[in-house]
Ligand code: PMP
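The data below hold one chain only, encoded as structure tokens and taken in the form predicted on its own.
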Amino acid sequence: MSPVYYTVKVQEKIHYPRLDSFVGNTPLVSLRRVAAHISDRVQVLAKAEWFNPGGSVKDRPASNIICTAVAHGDLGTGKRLLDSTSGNMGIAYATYGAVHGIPVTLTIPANASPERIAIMRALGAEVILTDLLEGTDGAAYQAHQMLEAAPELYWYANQYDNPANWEAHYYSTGPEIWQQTSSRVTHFVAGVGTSGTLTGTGRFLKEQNPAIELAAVQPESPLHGLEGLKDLKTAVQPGIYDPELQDKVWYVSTEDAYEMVGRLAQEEGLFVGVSAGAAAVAAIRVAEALDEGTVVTVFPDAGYKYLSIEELWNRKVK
């Protein structure tokens, strides 16, 4: 009896998208209960940026900075990506560095939440803690010193001065907001750290409609608990910061931001981070002064990376 032969059809390999293909296109959610006292003709909306793969708005600039550097030949030659961070950008660098096979070294103030430090290390980044009293400016200074000592080892990403930071928002966050609001956005509110979100998104929105008002959110004082935000009255101004672009600056206290974090969790089901609380405070203030309009802000991340901040969570919402 002759043997029976079975023909097996070999399928072509399916190429699935890389992780960084999923950056952006985050949901735009409505704030209803915390904005219930505002006119029915005014909407307050927020971009839920923790839907990005790395969990924050910083996925956008980090991915763009890395892709731009690779395209220009700055990375891929065995150099380590070096930058300072307050936390979220470091996580994003570590995430997309792993995607591209690029080693990452980060300097970060020692008072950053331990959750964020642990996440960066889990993703394979080298984390160097700097003086907490010197804040993000001190972390940036440390990165500069490391670059000067070993320029052959590092490529300095320099998120505060790198145009690929704000360009990420010009080409993604801005168009998303314009499309998601059906071009009805009248006010855009964003916290200022590197200023990339406000600068890039604001430039795009102003090009679509010059009447759109841009509001920057900064801490009320130099000594504050709003991780990721800068008091630009006293801190080193980022090179990409454009003070002429914003129409107004809202100064938010740590206490008001913390209270809003609790309200968003308990009244809206939005478990967000500290800078999102500050952004919501400012967005509500903008909306309260309007008879009609659409106010859009950005919630940079979720609250999971701040659970160790006891004073943030061990409180009752008023």
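We number the residues from 1 along the sequence you see. Everything quoted here is computed from the prediction, not taken from an experiment.
FYI, the form predicted in complex with the ligand isn't displayed, but the following is about it.
- Contact with the ligand, judged by heavy atoms within 4.5 Å in the predicted bound form, is confined among 171-179, 143-151, 227-235, 204-212 to 227-235.
- By the criterion of a heavy atom within 4.5 Å, residue 219 is excluded from the residues contacting the ligand in the predicted bound form.
- Interface membership of residue 84, defined by any non-hydrogen atom within 4.5 Å of the ligand in the predicted bound form, is ruled out.
- In the predicted bound form, the ligand lies within 4.5 Å of some heavy atom of residue 275.
- Not displayed here, the ligand is kept clear of residue 95 by more than 4.5 Å at the level of heavy atoms in the predicted bound form.
- Checked against the ligand in the predicted bound form, the candidates 108, 192, 157, 120 yield a single residue with a heavy atom inside 4.5 Å, and that residue is 192.
- Interface residues of 273-306, taken as those with a heavy atom within 4.5 Å of the ligand in the predicted bound form (partner not displayed): 275, 300, 301, 306, in sequence order.
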